[in-house]
Ligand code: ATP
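Before any questions on binding or motion, here is one chain by itself as structure tokens, the form predicted alone.
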Amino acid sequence: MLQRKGRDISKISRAFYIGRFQPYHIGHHTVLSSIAGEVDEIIVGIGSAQRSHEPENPFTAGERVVMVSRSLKSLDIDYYVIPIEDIQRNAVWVSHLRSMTPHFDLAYTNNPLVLRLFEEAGVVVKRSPMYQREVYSGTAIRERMLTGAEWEHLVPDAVARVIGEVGGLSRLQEICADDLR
């Protein structure tokens, strides 16, 4: 029997989890920590990978890959972080995901549309646990960044460092500034 981390690798379970991660925050990290306790490997899809430099999507796919990858190093699990561009065709979206990722056994989501698309494609779906959604939300964190409120405690330290490295705070402030000044 082939073994890895004390597990029979002929029975590896791999889960898929997608988000925009604008930015990746403690809520995401808590959910992925929970999922890590249930599976052997996680594929993290960086959704809307083509979007950046917008008020709702200030970070590039590459920046989000680094945010997630550096944060997941603290978990004892194998993971893949893969940018996924939108295709605007829901009927073939799961096929698109499958063409961009390693095989996965199940998907985690709470998004009703994503749940339905996976189910229609025959993918086993579990609802992902929610963690203080009213506190940990990308929208709320970006708003705090714009108003000067404390936000760093809402993201893993690795994410705060990446945002600093790429000038993410000033980028967000500039792209949200009124262009009529």
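Not measured: the values here are computed from a predicted model. The numbering used is simple: start at 1 and walk along the sequence shown.
Not on display, but discussed next: the form predicted together with the named molecule.
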property: In the predicted complex, the one of S69, S137, S52, S34 near the named molecule [non-hydrogen atom within 4.5 angstroms]; result: S137
property: Full three-residue contact with the named molecule in the predicted complex, heavy atom 4.5 Å, for F21, G27 and P129; result: yes
property: Per-stretch contact check against the named molecule in the predicted complex, the hit in 129-137, 144-152, 35-43, 115-123 (non-hydrogen atom, 4.5 angstroms); result: 129-137
property: Partner proximity in the predicted complex: N111 to the named molecule, non-hydrogen atom cutoff 4.5 Å; result: yes
